[in-house]
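As structure tokens, one chain now follows by itself in the form predicted on its own.
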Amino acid sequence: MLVAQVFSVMIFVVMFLVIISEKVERHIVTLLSAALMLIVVFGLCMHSFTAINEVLNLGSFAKLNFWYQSGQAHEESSGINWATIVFIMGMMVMVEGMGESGFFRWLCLGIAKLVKYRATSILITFMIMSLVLAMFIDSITVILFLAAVTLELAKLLKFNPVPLIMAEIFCANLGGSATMCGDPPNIIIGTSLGYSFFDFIMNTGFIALVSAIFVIVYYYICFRKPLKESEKSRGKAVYPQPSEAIKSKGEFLASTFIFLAAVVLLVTHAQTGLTVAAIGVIVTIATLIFAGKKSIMLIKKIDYKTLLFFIGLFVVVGGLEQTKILELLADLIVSICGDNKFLIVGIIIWASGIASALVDNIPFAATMIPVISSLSATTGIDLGTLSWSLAMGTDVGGSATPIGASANVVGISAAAQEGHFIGWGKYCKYAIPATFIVLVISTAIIYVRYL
């Protein structure tokens, strides 16, 4: 077992370092690492076909509780979490359909018109919209459309779009922490540990709501002066109408209906018994039926690289679990903290936040799920408390730096393409204090509410 443990740790560390270097596409890195884990660790070192079978987890598709659950049954955290893969793929298809219909641009222009195109009002409303949309839609997609419309309005209204884009990025990451489907780490935590959409809303959702009030005030104080000056110097302009964004009324109504239906299914899935995998399939089928001839195009637009990245990552983390490395990590935390629940929870929140600011939060979250499960069993701390700590740390910590989360990279790239460069210094100047504020609020609420 010792040799297997050494090789599994080596594979994991090298994978992490190569992902951070950004020299090789991350899905290639995780797939190659997964192949090494299966061949070297499980095959040559452990000679265990059982370990390979458990990590690949292909049998889960044939199980009833993969599609329908009653009671508190949940997916095992070991190996590939196919429920996460299927759900994310379904949401990708739905979002592409919404984008094709003009839904996002219509929403952005509609809100801008509602606040009479005032830059300071757009800042506040777009932050709120970013936060709310990211609760149900992938934050990358939210920023793609918000940044595009923000840049368009900035040209028209003669204001600097950089403050808005930075604020929108942070709010998208914060909104993603509020629900089970808002951010990939939460999807992984929810499907692995059996939490419902309502569980997240009542726990991380509450923390995100309280934090959002402080974050919106913080960014408004930071950026109100330059935006107000732009309003004073603005001349007359012809404003785009929201109706211009709608390409087809039929497709627009269909995509809106599917989105609302998906939200209802997610909110009620604990009551209906439908798993997130089943919801993902339902959403996919409905979108493709309404798309008609465009269905092939939507299938081609699925981000297969991200899905392959998840699959490879789950195999590597499964290797660490099979070789008991994650149990050893949990034991190390216990040996350092003893029975001090406050210290353990503090370490989970802040270590998650700091790590996610420097590396992708998805592999960190996937790695830590078996660790917090073991910590809960060993120390008696409620697993939910550790789960909400991990979720807030990973989701919010990624906001602190330009590379901490995918939404950050997308937003900064969109601004750069229009000649608005956002460097590390400028980004971190505003994002790090906001991240610190949310992590402090999260720690305080978790301490008071759960410990």
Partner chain sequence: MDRQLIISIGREFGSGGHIIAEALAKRFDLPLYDHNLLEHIAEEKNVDHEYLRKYEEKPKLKFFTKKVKGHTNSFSEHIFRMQFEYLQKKGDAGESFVVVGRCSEAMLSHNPNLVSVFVLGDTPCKIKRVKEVYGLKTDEEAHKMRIKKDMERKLYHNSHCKGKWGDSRNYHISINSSKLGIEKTVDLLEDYIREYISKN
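Numbering follows the first chain given and starts at 1. Just so we're clear, the structure is a prediction, and the values are computed from it rather than from any experiment.
The same protein also exists as the form predicted in complex with its partner chain; that form is not shown, yet it is the one meant from here on.
- Only one of 186-194, 136-144, 114-122, 314-322 lies within 4.5 Å of its partner chain in the predicted complex by heavy atoms, and it is 136-144.
- Comment: its partner chain is not present in this chain, but in the predicted complex one of T379, T306, S373, N203 has a heavy atom within 4.5 Å of it, namely T306.
- This chain appears without its partner; in the predicted complex, the one residue of I412, V41, A51, A34 with a heavy atom within 4.5 Å of its partner chain is I412.
- The candidate site formed by F61, Q271 and I282 is entirely out of contact with its partner chain in the predicted complex, as no residue has a non-hydrogen atom within 4.5 angstroms of it.
- Heavy atoms of L56 never reach within 4.5 Å of its partner chain in the predicted complex, leaving it off the interface.
- At least one heavy atom of I403 is located within 4.5 Å of its partner chain in the predicted complex.
- With a 4.5 Å cutoff on heavy atoms, I422 counts as touching its partner chain in the predicted complex.
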